[in-house]
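A single chain comes next, written as structure tokens; it is the form predicted alone.
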């Protein structure tokens, strides 16, 4: 373990990994501190589905910018790290399973059509079944979006970390226990009885970001959101489309990934705290919608059910930038279920801020200042 680094990043998920990669590319020495293992929580269990056209709200420009950055980033980090992120590019079809859903999907088509990076069109039922005959005969139409990206989010995070390490970054599997200050200037991170000195500290703890509230003297308004996914035996021939539909109040995606399995996801449950126990309700609801879309899935065996936690803020947008009242302390969290999609843009923006004090990527509206925090004191050492 080195005794000093230019930057210490607390958290080894995809956001922290992307920041480390971009900082290392700038020639800075970086240390990632991760309590368990890289991508061992939300990032590693993400569905790995990248489609900015599905998103709405203030984050839309950042989603699209980050998607474009993925195209170059994915090729580079896989080559630099030797890790296969199992990247697939495939068309997406948003299915209308009822007549009432047709108008909604046509409205969605109007919203999506102006996006320059995607080709879109309305598909009638016979056109859908011509593309994929296994889709239900009861489909009423749908929106085709070409093309989205599907990948293995664990491998992507690992690739980012290994590429950063190839440029001198270090990963410590330790638990951070405090931030060390000199006159409100972050100068290091404590790990039990040990410490590592640094010039800058970045908190990227995902759903556990609230634990750092005492370290920074401000309430970090992050709560965990539970999400569950299912993995089924693969289809033969392979499903070449990403499918999604809403039925009986449940939204479900169906897609076959590079591992050959068919993934179904994902649920969203608030108010569950840090519960990651698989539920029968998620199994039923996701299965019902998936089989409604693709009846052949009823014969596929369940291979794995997983649950993870996503970091969510009160307004649903991330917290990015400097920590108010602290010098050389930064935070990047609150990406909800879009951490993998947003990782390239956040990684570059945060690296810019740390290395130069400014960034061309528009993240100003996602600063900590929008929340009126309440001081909670510090456990860090002066």
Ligand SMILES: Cc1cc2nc3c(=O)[nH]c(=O)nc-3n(C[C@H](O)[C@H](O)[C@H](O)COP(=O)(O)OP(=O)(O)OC[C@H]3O[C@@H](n4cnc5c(N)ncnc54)[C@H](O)[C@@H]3O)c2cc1C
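This structure is a prediction, so every number in the text was calculated from the model and none was measured. Positions refer to the first chain, counted from 1.
Beyond what is shown, the protein has a form predicted together with the ligand; the following relates to that form.
- With the partner omitted here, the residue from 41, 326, 348, 64 that has a non-hydrogen atom within 4.5 angstroms of the ligand in the predicted complex is 41.
- Residue 340 is the only one of 354, 30, 340, 320 with a heavy atom lying within 4.5 Å of the ligand in the predicted complex.
- At a distance threshold of 4.5 angstroms between non-hydrogen atoms, residue 311 is in contact with the ligand in the predicted complex.
- When contacts are judged by a 4.5 Å heavy atom cut-off, residue 94 does not count as touching the ligand in the predicted complex.
- Among heavy atoms of residue 10, some come within 4.5 Å of the ligand in the predicted complex.
- Interface membership of residue 68, defined by any non-hydrogen atom within 4.5 Å of the ligand in the predicted complex, is ruled out.
- Partner contact region in the predicted complex: 199-207, out of 199-207, 123-131, 106-114, 290-298, criterion any non-hydrogen atom within 4.5 Å of the ligand.
- Although the ligand is not shown here, in the predicted complex the stretch 27-58 places heavy atoms of 33, 34, 35, 36, 37, 40, 41, 42, 43, 46, 47, 48, 49, 50 within 4.5 Å of it, in sequence order.
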